[in-house]
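Before any questions on binding or motion, here is one chain by itself as C-alpha coordinates, the form predicted alone.
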(Lines give C-alpha, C1' and ligand atoms only; values in the text may rest on other atoms or scores of the structure.)
Protein backbone atom coordinates (compact mmCIF):
# COMPACT_ATOMS: atom_id res chain seq x y z
CA UNK A 1 0.00 0.00 0.00
CA UNK A 2 1.42 3.41 -0.96
CA UNK A 3 1.59 6.46 1.23
CA UNK A 4 -1.32 8.90 1.07
CA UNK A 5 -1.01 12.50 2.17
CA UNK A 6 -3.53 14.88 3.70
CA UNK A 7 -3.12 18.56 4.67
CA UNK A 8 -3.20 19.08 8.43
CA UNK A 9 -4.54 22.00 10.39
CA UNK A 10 -1.05 23.38 10.93
CA UNK A 11 -0.07 23.93 7.32
CA UNK A 12 1.84 20.69 6.71
CA UNK A 13 1.16 17.14 5.53
CA UNK A 14 0.21 14.06 7.52
CA UNK A 15 -0.16 10.43 6.59
CA UNK A 16 -3.77 9.89 5.50
CA UNK A 17 -3.35 6.13 5.93
CA UNK A 18 -1.14 6.29 9.02
CA UNK A 19 -2.46 4.25 11.90
CA UNK A 20 -3.27 7.43 13.85
CA UNK A 21 -4.52 9.61 11.00
CA UNK A 22 -7.17 11.99 12.31
CA UNK A 23 -5.87 12.01 15.89
CA UNK A 24 -4.99 15.50 17.14
CA UNK A 25 -2.46 15.75 19.98
CA UNK A 26 -1.35 18.82 21.92
CA UNK A 27 2.23 18.21 23.03
CA UNK A 28 3.38 20.01 26.19
CA UNK A 29 6.43 17.80 26.67
CA UNK A 30 10.13 18.55 26.90
CA UNK A 31 13.49 16.76 27.28
CA UNK A 32 13.17 13.03 26.34
CA UNK A 33 10.43 10.82 27.86
CA UNK A 34 7.47 12.94 26.80
CA UNK A 35 8.83 13.93 23.37
CA UNK A 36 9.57 10.27 22.58
CA UNK A 37 5.96 9.35 23.35
CA UNK A 38 4.59 12.06 21.08
CA UNK A 39 7.15 11.21 18.39
CA UNK A 40 5.77 7.66 18.30
CA UNK A 41 2.27 9.09 17.85
CA UNK A 42 3.36 11.60 15.20
CA UNK A 43 5.37 9.11 13.15
CA UNK A 44 2.31 6.89 12.86
CA UNK A 45 0.17 9.72 11.54
CA UNK A 46 -1.14 11.71 14.51
CA UNK A 47 -1.37 15.47 14.08
CA UNK A 48 0.98 16.63 16.87
CA UNK A 49 1.30 20.30 17.82
CA UNK A 50 4.33 20.90 20.05
CA UNK A 51 3.90 23.86 22.38
CA UNK A 52 7.21 25.27 23.61
CA UNK A 53 7.99 28.00 26.10
CA UNK A 54 9.26 31.13 24.29
CA UNK A 55 12.85 30.11 25.10
CA UNK A 56 12.24 26.66 23.63
CA UNK A 57 12.20 23.09 24.89
CA UNK A 58 15.31 22.57 27.09
CA UNK A 59 15.84 19.46 24.96
CA UNK A 60 17.07 21.79 22.22
CA UNK A 61 20.24 22.16 24.28
CA UNK A 62 20.92 18.44 24.69
CA UNK A 63 24.21 17.20 23.16
CA UNK A 64 25.49 15.83 20.89
CA UNK A 65 25.01 18.53 18.28
CA UNK A 66 25.11 18.33 14.51
CA UNK A 67 28.77 18.73 13.50
CA UNK A 68 29.48 19.63 17.16
CA UNK A 69 27.95 23.08 16.67
CA UNK A 70 25.68 23.89 19.66
CA UNK A 71 22.48 25.72 18.85
CA UNK A 72 18.72 25.67 19.34
CA UNK A 73 18.26 23.90 16.00
CA UNK A 74 21.22 21.49 16.04
CA UNK A 75 20.66 19.14 18.99
CA UNK A 76 20.61 15.63 17.52
CA UNK A 77 18.43 14.18 20.32
CA UNK A 78 15.91 16.98 19.76
CA UNK A 79 15.97 16.49 16.00
CA UNK A 80 15.29 12.77 16.47
CA UNK A 81 12.59 13.14 19.13
CA UNK A 82 10.47 15.71 17.37
CA UNK A 83 10.00 14.56 13.80
CA UNK A 84 6.61 15.13 12.16
CA UNK A 85 5.57 17.73 14.74
CA UNK A 86 4.70 21.41 14.44
CA UNK A 87 6.05 23.95 16.92
CA UNK A 88 4.45 27.04 18.37
CA UNK A 89 5.73 29.11 21.28
CA UNK A 90 3.33 29.91 24.11
CA UNK A 91 3.96 31.31 27.58
CA UNK A 92 1.69 29.28 29.85
CA UNK A 93 2.57 31.49 32.80
CA UNK A 94 0.51 34.24 31.17
CA UNK A 95 -3.29 34.32 31.33
CA UNK A 96 -3.49 34.92 27.59
CA UNK A 97 -1.18 31.98 26.88
CA UNK A 98 -3.35 29.66 28.97
CA UNK A 99 -6.48 30.94 27.21
CA UNK A 100 -4.94 30.14 23.82
CA UNK A 101 -4.02 26.67 25.06
CA UNK A 102 -7.60 26.05 26.20
CA UNK A 103 -8.85 27.04 22.75
CA UNK A 104 -6.37 24.60 21.15
CA UNK A 105 -7.57 21.84 23.46
CA UNK A 106 -11.22 22.34 22.53
CA UNK A 107 -11.08 19.96 19.58
CA UNK A 108 -7.98 17.92 20.53
CA UNK A 109 -8.04 14.20 21.24
CA UNK A 110 -5.16 14.16 23.71
CA UNK A 111 -2.78 16.41 25.59
CA UNK A 112 0.56 14.93 26.65
CA UNK A 113 2.72 16.57 29.32
CA UNK A 114 5.73 15.80 31.50
CA UNK A 115 5.86 18.66 33.96
CA UNK A 116 6.36 17.99 37.66
CA UNK A 117 2.96 17.00 39.09
CA UNK A 118 2.48 20.32 40.88
CA UNK A 119 2.95 22.48 37.76
CA UNK A 120 -0.24 21.94 35.75
CA UNK A 121 -2.58 22.39 38.77
CA UNK A 122 -0.63 25.52 39.79
CA UNK A 123 -1.34 26.96 36.34
CA UNK A 124 -5.03 26.13 36.61
CA UNK A 125 -4.57 23.42 33.98
CA UNK A 126 -5.28 20.31 36.05
CA UNK A 127 -6.86 17.32 34.31
CA UNK A 128 -10.38 18.00 35.60
CA UNK A 129 -10.28 21.59 34.37
CA UNK A 130 -9.04 20.52 30.94
CA UNK A 131 -11.74 17.87 30.60
CA UNK A 132 -14.45 20.36 31.55
CA UNK A 133 -13.41 22.23 28.41
CA UNK A 134 -13.30 19.01 26.39
CA UNK A 135 -14.89 15.90 28.00
CA UNK A 136 -13.35 13.52 25.45
CA UNK A 137 -9.80 14.74 26.13
CA UNK A 138 -7.15 12.19 27.12
CA UNK A 139 -4.75 13.83 29.58
CA UNK A 140 -1.50 11.84 29.56
CA UNK A 141 1.34 12.58 31.98
CA UNK A 142 4.78 11.16 32.69
CA UNK A 143 6.84 12.20 35.71
CA UNK A 144 9.63 10.91 37.90
CA UNK A 145 7.42 9.08 40.41
CA UNK A 146 3.88 9.52 39.09
CA UNK A 147 1.10 11.92 40.02
CA UNK A 148 0.45 10.50 43.50
CA UNK A 149 2.38 9.16 46.47
CA UNK A 150 4.79 10.70 48.98
CA UNK A 151 7.58 11.09 46.39
CA UNK A 152 5.50 12.61 43.60
CA UNK A 153 7.18 16.03 43.86
CA UNK A 154 10.74 14.76 44.28
CA UNK A 155 13.24 15.61 41.58
CA UNK A 156 15.30 12.87 39.94
CA UNK A 157 17.87 12.23 37.24
CA UNK A 158 18.32 9.22 34.99
CA UNK A 159 20.66 7.43 37.38
CA UNK A 160 18.29 8.06 40.30
CA UNK A 161 15.42 6.49 38.34
CA UNK A 162 17.57 3.44 37.60
CA UNK A 163 18.60 3.12 41.22
CA UNK A 164 15.13 3.54 42.72
CA UNK A 165 13.55 1.37 40.03
CA UNK A 166 15.74 -1.53 41.18
CA UNK A 167 17.44 -2.23 37.86
CA UNK A 168 20.89 -1.03 38.93
CA UNK A 169 20.98 -3.63 41.70
CA UNK A 170 21.57 -6.47 39.22
CA UNK A 171 23.95 -4.69 36.80
CA UNK A 172 27.70 -4.48 37.20
CA UNK A 173 30.49 -6.68 38.49
CA UNK A 174 29.83 -8.89 41.53
CA UNK A 175 32.58 -7.27 43.59
CA UNK A 176 32.03 -3.67 42.43
CA UNK A 177 29.40 -0.97 42.75
CA UNK A 178 26.16 -1.28 40.74
CA UNK A 179 26.03 0.23 37.25
CA UNK A 180 23.33 1.60 34.95
CA UNK A 181 22.97 1.35 31.20
CA UNK A 182 24.32 4.29 29.23
CA UNK A 183 22.46 7.42 28.21
CA UNK A 184 18.67 7.77 28.66
CA UNK A 185 17.16 4.28 28.72
CA UNK A 186 14.77 5.07 31.60
CA UNK A 187 13.36 8.01 29.67
CA UNK A 188 12.81 6.01 26.49
CA UNK A 189 11.17 3.17 28.41
CA UNK A 190 8.81 5.61 30.13
CA UNK A 191 8.08 7.34 26.82
CA UNK A 192 7.12 4.01 25.27
CA UNK A 193 4.79 3.30 28.20
CA UNK A 194 3.27 6.77 27.88
CA UNK A 195 2.57 6.32 24.18
CA UNK A 196 1.02 2.89 24.84
CA UNK A 197 -1.16 4.23 27.65
CA UNK A 198 -2.27 7.16 25.52
CA UNK A 199 -3.23 4.84 22.67
CA UNK A 200 -5.30 2.64 24.98
CA UNK A 201 -7.08 5.69 26.35
CA UNK A 202 -7.71 6.93 22.79
CA UNK A 203 -9.24 3.55 21.92
CA UNK A 204 -11.55 3.87 24.94
CA UNK A 205 -12.34 7.43 23.86
CA UNK A 206 -13.39 6.22 20.41
CA UNK A 207 -15.69 3.61 21.97
CA UNK A 208 -17.28 5.79 24.67
CA UNK A 209 -16.64 9.43 23.78
CA UNK A 210 -15.02 9.93 27.18
CA UNK A 211 -11.50 10.97 28.04
CA UNK A 212 -9.45 9.86 31.01
CA UNK A 213 -6.16 10.42 32.83
CA UNK A 214 -3.00 8.46 31.93
CA UNK A 215 -0.35 8.54 34.66
CA UNK A 216 3.13 7.09 33.96
CA UNK A 217 5.93 6.90 36.53
CA UNK A 218 9.50 6.65 35.23
CA UNK A 219 10.47 4.77 38.40
CA UNK A 220 7.74 2.19 37.77
CA UNK A 221 8.71 1.95 34.11
CA UNK A 222 12.17 0.84 35.19
CA UNK A 223 10.83 -1.46 37.90
CA UNK A 224 8.63 -3.19 35.31
CA UNK A 225 11.78 -4.28 33.47
CA UNK A 226 12.95 -6.41 36.43
CA UNK A 227 10.76 -9.40 35.52
CA UNK A 228 12.25 -12.48 37.21
CA UNK A 229 13.99 -10.37 39.84
CA UNK A 230 10.85 -9.03 41.49
CA UNK A 231 8.96 -12.25 40.78
CA UNK A 232 11.60 -14.28 42.57
CA UNK A 233 11.46 -12.00 45.58
CA UNK A 234 7.66 -11.86 45.66
CA UNK A 235 7.14 -15.62 45.39
CA UNK A 236 10.19 -17.11 47.10
CA UNK A 237 11.88 -14.31 49.04
CA UNK A 238 15.06 -14.84 47.01
CA UNK A 239 17.13 -11.77 46.12
CA UNK A 240 19.00 -11.92 42.85
CA UNK A 241 22.40 -10.25 42.97
CA UNK A 242 25.14 -9.37 40.53
CA UNK A 243 26.95 -12.47 39.41
CA UNK A 244 30.66 -13.24 39.74
CA UNK A 245 32.37 -12.73 36.38
CA UNK A 246 35.42 -14.98 36.59
CA UNK A 247 37.82 -15.21 33.65
CA UNK A 248 36.67 -18.73 32.82
CA UNK A 249 33.04 -17.68 32.36
CA UNK A 250 32.07 -19.06 28.96
CA UNK A 251 29.72 -16.12 28.33
CA UNK A 252 32.30 -13.46 29.17
CA UNK A 253 33.05 -10.75 26.62
CA UNK A 254 36.15 -11.80 24.64
CA UNK A 255 38.60 -9.78 22.58
CA UNK A 256 39.21 -11.07 19.05
CA UNK A 257 41.71 -9.84 16.50
CA UNK A 258 39.38 -7.16 15.08
CA UNK A 259 37.14 -6.28 18.02
CA UNK A 260 34.98 -8.14 20.53
CA UNK A 261 32.44 -10.95 20.61
CA UNK A 262 30.03 -12.11 23.28
CA UNK A 263 30.00 -15.94 23.17
CA UNK A 264 27.33 -18.23 24.61
CA UNK A 265 27.87 -21.85 23.59
CA UNK A 266 25.23 -23.15 26.01
CA UNK A 267 25.46 -23.94 29.68
CA UNK A 268 24.97 -26.90 31.99
CA UNK A 269 23.24 -29.88 30.43
CA UNK A 270 22.94 -28.08 27.10
CA UNK A 271 26.72 -27.76 26.66
CA UNK A 272 28.60 -30.49 24.80
CA UNK A 273 32.21 -29.74 25.75
CA UNK A 274 33.70 -31.83 22.95
CA UNK A 275 31.69 -29.92 20.37
CA UNK A 276 32.94 -26.63 21.80
CA UNK A 277 36.57 -27.83 21.82
CA UNK A 278 36.29 -28.83 18.16
CA UNK A 279 34.53 -25.59 17.23
CA UNK A 280 37.23 -23.43 18.78
CA UNK A 281 39.98 -25.68 17.38
CA UNK A 282 41.46 -25.74 20.86
CA UNK A 283 42.98 -29.09 21.87
CA UNK A 284 44.30 -27.49 25.07
CA UNK A 285 40.69 -27.42 26.29
CA UNK A 286 40.38 -31.19 25.89
CA UNK A 287 41.63 -31.67 29.43
CA UNK A 288 40.14 -33.26 32.52
CA UNK A 289 40.45 -29.88 34.27
CA UNK A 290 37.59 -28.62 32.09
CA UNK A 291 35.42 -31.65 31.31
CA UNK A 292 32.50 -30.69 33.57
CA UNK A 293 31.01 -27.51 35.00
CA UNK A 294 32.45 -28.00 38.50
CA UNK A 295 35.95 -28.63 37.16
CA UNK A 296 35.75 -25.59 34.90
CA UNK A 297 34.75 -23.40 37.84
CA UNK A 298 37.56 -24.82 39.98
CA UNK A 299 40.08 -24.09 37.22
CA UNK A 300 38.48 -20.88 36.01
CA UNK A 301 41.68 -18.82 35.78
CA UNK A 302 43.50 -21.40 33.67
CA UNK A 303 40.43 -21.81 31.47
CA UNK A 304 40.14 -18.05 31.04
CA UNK A 305 43.77 -17.70 29.98
CA UNK A 306 43.37 -20.39 27.30
CA UNK A 307 40.10 -18.90 26.04
CA UNK A 308 41.64 -15.42 25.78
CA UNK A 309 44.52 -16.81 23.71
CA UNK A 310 42.16 -18.75 21.42
CA UNK A 311 39.74 -15.88 20.79
CA UNK A 312 42.62 -13.48 20.09
CA UNK A 313 43.30 -15.45 16.90
CA UNK A 314 39.70 -15.21 15.64
CA UNK A 315 37.87 -12.58 13.61
CA UNK A 316 34.49 -11.46 14.87
CA UNK A 317 32.38 -11.91 11.73
CA UNK A 318 33.99 -15.25 10.91
CA UNK A 319 33.39 -16.72 14.37
CA UNK A 320 29.89 -15.18 14.54
CA UNK A 321 28.65 -17.00 11.43
CA UNK A 322 30.49 -20.20 12.31
CA UNK A 323 28.98 -20.20 15.80
CA UNK A 324 25.44 -19.91 14.48
CA UNK A 325 26.04 -22.89 12.22
CA UNK A 326 26.58 -24.83 15.47
CA UNK A 327 23.49 -23.22 17.04
CA UNK A 328 25.66 -21.34 19.53
CA UNK A 329 24.37 -17.90 20.46
CA UNK A 330 27.21 -15.51 19.64
CA UNK A 331 26.99 -11.74 19.44
CA UNK A 332 29.29 -9.32 17.67
CA UNK A 333 30.10 -6.02 19.36
CA UNK A 334 29.46 -3.53 16.55
CA UNK A 335 30.59 0.07 16.43
CA UNK A 336 27.98 2.70 15.49
CA UNK A 337 29.26 2.65 11.91
CA UNK A 338 29.06 -1.14 11.78
CA UNK A 339 25.56 -1.08 13.26
CA UNK A 340 24.31 1.23 10.51
CA UNK A 341 25.99 -0.99 7.89
CA UNK A 342 24.83 -4.28 9.46
CA UNK A 343 23.41 -6.45 6.64
CA UNK A 344 20.30 -7.42 8.63
CA UNK A 345 19.51 -3.79 9.47
CA UNK A 346 20.30 -2.73 5.92
CA UNK A 347 17.99 -5.42 4.48
CA UNK A 348 15.07 -4.12 6.56
CA UNK A 349 15.82 -0.46 5.83
CA UNK A 350 15.80 0.43 9.51
CA UNK A 351 17.87 3.61 9.43
CA UNK A 352 16.21 6.31 7.38
CA UNK A 353 17.41 9.64 6.00
CA UNK A 354 15.55 12.69 7.28
CA UNK A 355 15.97 15.91 5.33
CA UNK A 356 16.33 19.05 7.41
CA UNK A 357 15.91 22.33 5.49
CA UNK A 358 18.99 23.89 7.12
CA UNK A 359 21.20 20.93 8.03
CA UNK A 360 20.62 18.64 5.08
CA UNK A 361 20.19 14.89 5.31
CA UNK A 362 20.59 13.15 8.68
CA UNK A 363 20.28 9.40 9.30
CA UNK A 364 18.00 8.43 12.18
CA UNK A 365 16.61 5.18 13.60
CA UNK A 366 13.41 4.26 11.81
CA UNK A 367 10.17 2.47 12.59
CA UNK A 368 9.99 0.79 16.01
CA UNK A 369 7.80 -1.85 14.34
CA UNK A 370 6.37 -2.40 10.86
CA UNK A 371 2.70 -2.20 9.90
CA UNK A 372 1.76 -3.16 6.35
CA UNK A 373 -1.59 -1.39 6.16
CA UNK A 374 -0.87 1.82 8.08
CA UNK A 375 2.83 2.54 7.68
CA UNK A 376 5.28 4.53 9.76
CA UNK A 377 6.92 7.46 7.99
CA UNK A 378 8.91 10.61 8.70
CA UNK A 379 7.71 13.36 6.40
CA UNK A 380 8.94 16.40 8.29
CA UNK A 381 12.12 17.07 10.22
CA UNK A 382 11.87 18.45 13.75
CA UNK A 383 10.46 21.99 13.60
CA UNK A 384 12.40 25.17 14.19
CA UNK A 385 11.47 26.93 17.41
CA UNK A 386 8.03 28.50 16.93
CA UNK A 387 8.08 27.70 13.22
CA UNK A 388 4.29 27.31 13.00
CA UNK A 389 3.15 29.90 15.53
CA UNK A 390 1.94 32.39 12.95
CA UNK A 391 0.16 29.76 10.84
CA UNK A 392 -1.58 28.04 13.76
CA UNK A 393 -2.72 31.20 15.51
CA UNK A 394 -3.68 32.69 12.18
CA UNK A 395 -5.99 29.71 11.61
CA UNK A 396 -7.53 30.48 15.00
CA UNK A 397 -8.37 34.01 13.81
CA UNK A 398 -5.52 36.08 15.22
CA UNK A 399 -4.63 39.03 13.01
CA UNK A 400 -1.14 40.23 12.16
CA UNK A 401 -1.55 43.09 14.64
CA UNK A 402 -2.70 40.72 17.38
CA UNK A 403 0.22 38.40 16.73
CA UNK A 404 2.58 41.37 17.00
CA UNK A 405 1.00 42.30 20.34
CA UNK A 406 1.31 38.71 21.62
CA UNK A 407 4.97 38.69 20.70
CA UNK A 408 5.61 42.07 22.28
CA UNK A 409 3.83 40.87 25.42
CA UNK A 410 6.02 37.74 25.50
CA UNK A 411 2.99 35.48 25.21
CA UNK A 412 4.50 33.85 22.11
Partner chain sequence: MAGPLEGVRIVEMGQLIAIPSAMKWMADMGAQVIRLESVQRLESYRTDSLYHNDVDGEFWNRGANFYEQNRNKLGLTLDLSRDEGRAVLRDLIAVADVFAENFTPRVIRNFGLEYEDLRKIRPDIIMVSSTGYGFNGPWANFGATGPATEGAAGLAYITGYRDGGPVMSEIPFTDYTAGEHTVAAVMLALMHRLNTGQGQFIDVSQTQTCSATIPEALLDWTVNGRVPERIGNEDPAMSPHGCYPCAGDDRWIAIAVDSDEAWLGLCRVMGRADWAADERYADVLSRIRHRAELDKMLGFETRNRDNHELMARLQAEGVAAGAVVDSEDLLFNEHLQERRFYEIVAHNDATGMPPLPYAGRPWKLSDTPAVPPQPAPIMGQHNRDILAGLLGRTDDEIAALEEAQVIGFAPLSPRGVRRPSLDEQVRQGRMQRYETDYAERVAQWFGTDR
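Positions refer to the first chain, counted from 1. Quick caveat: nothing in here was measured; it's all calculated off a predicted structure. Rigid core: the largest C-alpha set superposing within 1.5 Å between the two forms.
Only in words, not in the display: the form predicted together with the partner chain, which the text now covers.
Think of it this way: in the predicted bound form, the partner chain has a heavy atom of just one of 72, 277, 122, 238 within 4.5 Å, and the residue is 238. Note on contacts: among 156, 282, 102, 116, the single residue with a heavy atom within 4.5 Å of the partner chain in the predicted bound form is 156. Per the 4.5 Å heavy atom criterion, the partner chain in the predicted bound form is contacted by stretch 174-182, the sole one of 86-94, 305-313, 282-290, 174-182.
In the predicted bound form, the partner chain lies farther than 4.5 Å from every heavy atom of residue 126. By the criterion of a heavy atom within 4.5 Å, residue 217 is counted among the residues contacting the partner chain in the predicted bound form.
Although the partner is absent here, residue 107 sits far enough away that none of its heavy atoms falls within 4.5 Å of the partner chain in the predicted bound form.
Of the heavy atoms in residue 32, some are within 4.5 Å of the partner chain in the predicted bound form.
For the stretch 327-347, the set of residues having any non-hydrogen atom within 4.5 angstroms of the partner chain in the predicted bound form comprises 327, 329, 330, 331, 332, 333, 334, 335, 336, 337, 339, 340, 342, 343, 344, 345, 347, in sequence order. Superposition of the core reveals a Cα shift of less than 2 Å for residue 201 between the shown form and the other one. Superposition on the rigid core between the shown form and the other one places the CA atom of residue 289 2 Å or more away from its counterpart.
After superposing the rigid core, the C-alpha of residue 188 moves by less than 2 Å between the shown form and the other one.
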